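The form predicted alone is given below as one chain in structure tokens.
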């Protein structure tokens, strides 16, 4: 598979491309399936429908990899936290974690991972239907990103409840992170056993932590997961994507294969700091997809920056819901053509 080869830095006929959130609201056919499911969580829980939306962008756009359709918050949900997706607000947990007793009440380890059976069934269905030359990416949220939702109860702009815990009761925060990390290890292992080809760990809220605390409260937990998986499944590439971390590049270490570069980090800087150790993925600003001219400018610049480096084309975060489908198609085709030249 060209995508797996690229993750390991092997030569490929062109630079492969996929997009974060490529199975999503910008596709009318996705919206039809979502309506059929009734709500977002029902869609995540229905292997047949989740398989269908996973495959839509592969058929429509010609990307080199599919990414499993699911949500990072199914993990704390199956650990025992009641999750709702509230219109206009996003995901909400009814009873956020505030004490050690709350942590102790959560289901942990393999027992929690076993409850995510609908995810593994989705993976098996996708693998039956996905073209053999296309890779399937499985994923998880990083323990820090998951913990922020579990502690705050919903998305936040300030992270003040989490960060209050970080500075005033770090032992409690570490207890949450350690419990989530154990579940995620088994969850990713079971995704691999079900058939995924590549793992991606999303640290969407990495930028909420100051650089001097990042390793302690986020990075080391992601590397613990990577070490666990690499020891057992060295043939499965691991991508780590921390969003908004240009200040942390000197702190990056660990046994993984691909570093996802977000749009706020210049690709030339990431190449200088990390390009000799990791394949780099990214990092077009997603809003460039509103203009084919802006897309072309960025793709050609990225191809030029990375022509002596190991690279996977992607956006620097997820595709937005109102991007015209033809612009997404243009981006994928252009990435493949430019890198062939």
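Just so we're clear, the structure is a prediction, and the values are computed from it rather than from any experiment. Numbering follows the first chain given and starts at 1.
One more form of this protein exists, namely the form predicted in complex with a small molecule; it is left out here, but the text below deals with it.
Of the heavy atoms in residue 139, some are within 4.5 Å of the small molecule in the predicted bound form. Shown alone here, residue 170 lies farther than 4.5 Å from the small molecule in the predicted bound form, counting heavy atoms only. Looking at residue 204, you'd find a heavy atom of it within 4.5 angstroms of the small molecule in the predicted bound form. Using a 4.5 angstroms threshold between heavy atoms, residue 55 stays clear of the small molecule in the predicted bound form. Residue heavy atoms within 4.5 Å of the small molecule in the predicted bound form occur in exactly one stretch of 67-75, 256-264, 114-122, 223-231, and that stretch is 67-75.
For the options 90, 211, 109, 80, the residue carrying a heavy atom within 4.5 angstroms of the small molecule in the predicted bound form is 90.
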